[in-house]
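First, one chain by itself in structure tokens, the form predicted on its own.
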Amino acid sequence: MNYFDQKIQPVRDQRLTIIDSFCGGGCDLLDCARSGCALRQNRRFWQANACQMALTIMMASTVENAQIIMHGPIGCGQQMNGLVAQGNRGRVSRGLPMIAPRPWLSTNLKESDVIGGGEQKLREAIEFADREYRPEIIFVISTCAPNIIGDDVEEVVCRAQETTAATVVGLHCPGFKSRVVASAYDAFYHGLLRHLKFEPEPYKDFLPLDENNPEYERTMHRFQFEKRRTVNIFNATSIGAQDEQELTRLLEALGLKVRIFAEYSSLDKMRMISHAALNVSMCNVHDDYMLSFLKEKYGMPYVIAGMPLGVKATREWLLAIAKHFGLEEQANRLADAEEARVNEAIEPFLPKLRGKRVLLCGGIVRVGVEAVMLSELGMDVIGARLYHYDTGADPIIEDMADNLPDMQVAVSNQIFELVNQVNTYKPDLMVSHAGTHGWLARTGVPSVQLFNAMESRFAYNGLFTIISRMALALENPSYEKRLAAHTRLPYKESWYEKNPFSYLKS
């Protein structure tokens, strides 16, 4: 039995070599992972950690005409209250119509349900959702509580499918099972690949004319020709509409047709996933599970070539796709023209950035690629903090270690370590993950968001955006300076005297 046949997907900790506690160099990180010592790395103290359920819900909430049922205590669905507005912003930015708020449902498990089980409540909730809201898809979010007490959620989902009009999809994302929040992506995709069909249907997606009809051959030829020139790009919540538009613009310039999956998709759109010549990831960490399944099930080749951040990485990303279609020459010409344009645009900002000390913090692929990019632009990259490491991102870490052999690399998502690092290394600028900027502002250091779903960060337009944002943050840090002068962080002075990673242990 492979992973895809299982009722519940394995977490990243079981499927890949994972590190979430480390400090050293890039080569040391690779050696630690390959020698096995990564499995012994840990901390003596954790301030907080993320729950994989949060990311799974964020992805599911973008799917069109979907109803979400939280199977667990009602508090687990707290974040759903803000996701409708967030999803509508994403829809509008993609030219899609806004959707009316739809109440999310909860089985509201209580103490008696923890003792007696919550399967009956879940069956009733699925029937109610199908009857009252008539969605195309019902996502059942299996949280910590039902996984602890042993509810067979997947069996309930499969039985419910026999009597419901909607497609019922179980998403198994109990936070306690993994210390790596990226397991959320696998949970979302595993639910889709178990319960959805990714094949075009006759009369819905194409017209299967009679073979004796002279138009039949011409119609099917057009349908198959479209497939041979189509590229599926898989997105993520942190990748906004402007990033999708920028990459679509570049690939269409090569004569390719582009479809974006799976966020902001629908049941009808996702049927067309197998009707493409190539699947393309925008992040090594995000899509390998789904792309491996599509290759196994449909024989679809795929490209996972890091993130197209900056001129070098964007050219490599474009060429990896172009090679599949024999378009390397056209891709190089396109990259030459685009690089000349963007280099001219960012030149006025570079004198403000050269020599500035920068510390990066966030997801492994973004941080790894961007560290190399900023170094090539003349910045002094003093450190990279990766939220986690897994072997799927080895090419990124190898490139980073080759280009920045002396840079300190940490694997940490702990705020108390970040604040200590900033206080110890005193960078001129932080490029950091969303959710950290309030903490960083109180240290007096200006910061720029590593990603922004409402702005471009990818390819050539994205390079201009991030460079101009960094120049502006360095030019006007008055907000951070004033905030630091009048507020304090909740840490004792004795903590700042210690090594930021003094709580790491083997």
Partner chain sequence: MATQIIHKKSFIENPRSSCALGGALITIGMMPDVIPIVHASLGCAGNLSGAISMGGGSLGSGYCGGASIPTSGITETEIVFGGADRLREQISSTLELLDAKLFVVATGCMTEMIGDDVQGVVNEFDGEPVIAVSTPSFKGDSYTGYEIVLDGIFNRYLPKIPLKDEKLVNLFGLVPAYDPFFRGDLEELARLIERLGLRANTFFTPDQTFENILSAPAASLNIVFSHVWGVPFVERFESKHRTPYWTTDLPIGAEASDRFLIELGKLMGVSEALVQSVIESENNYYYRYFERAADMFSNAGYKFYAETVTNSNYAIPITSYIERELGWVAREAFVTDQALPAQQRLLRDAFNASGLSSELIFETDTTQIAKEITNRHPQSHGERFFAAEKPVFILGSALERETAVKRGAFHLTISYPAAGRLILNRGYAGYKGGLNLFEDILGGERVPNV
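Numbering follows the first chain given and starts at 1. These figures come from a predicted structure and were not determined experimentally.
The same protein has a further form, the form predicted together with the partner chain, not shown here; the description that follows concerns it.
Residue Ile149 is the only one of Ala345, Ile149, Val258, Leu350 with a heavy atom lying within 4.5 Å of the partner chain in the model of the complex. Checking Pro103, Pro202, Pro405, Gly378 for any heavy atom within 4.5 Å of the partner chain in the model of the complex turns up a single hit: Pro103. In plain terms, the part of the chain that comes close to the partner chain in the model of the complex, with a heavy atom within 4.5 Å, is 113-121 out of 395-403, 234-242, 310-318, 113-121. Contact annotation: Tyr503 falls within 4.5 Å of the partner chain in the model of the complex, judged by heavy atom distances. Under a 4.5 angstroms non-hydrogen atom cutoff, the partner chain in the model of the complex has Arg488 among its neighbouring residues. In the model of the complex, the partner chain lies farther than 4.5 Å from every heavy atom of Arg40. Contact check for Gly363: no non-hydrogen atom falls within 4.5 Å of the partner chain in the model of the complex.
Three-residue candidate spot Thr62, Arg94 and Phe198; no residue lies within 4.5 angstroms of the partner chain in the model of the complex by any non-hydrogen atom. Shown without its partner, the chain has Thr107, Asn108, Leu109, Lys110, Glu111, Val114, Lys121, Glu124, Ala125, Phe128, Glu132, Tyr133 in segment 107-135 as residues with a non-hydrogen atom within 4.5 angstroms of the partner chain in the model of the complex.
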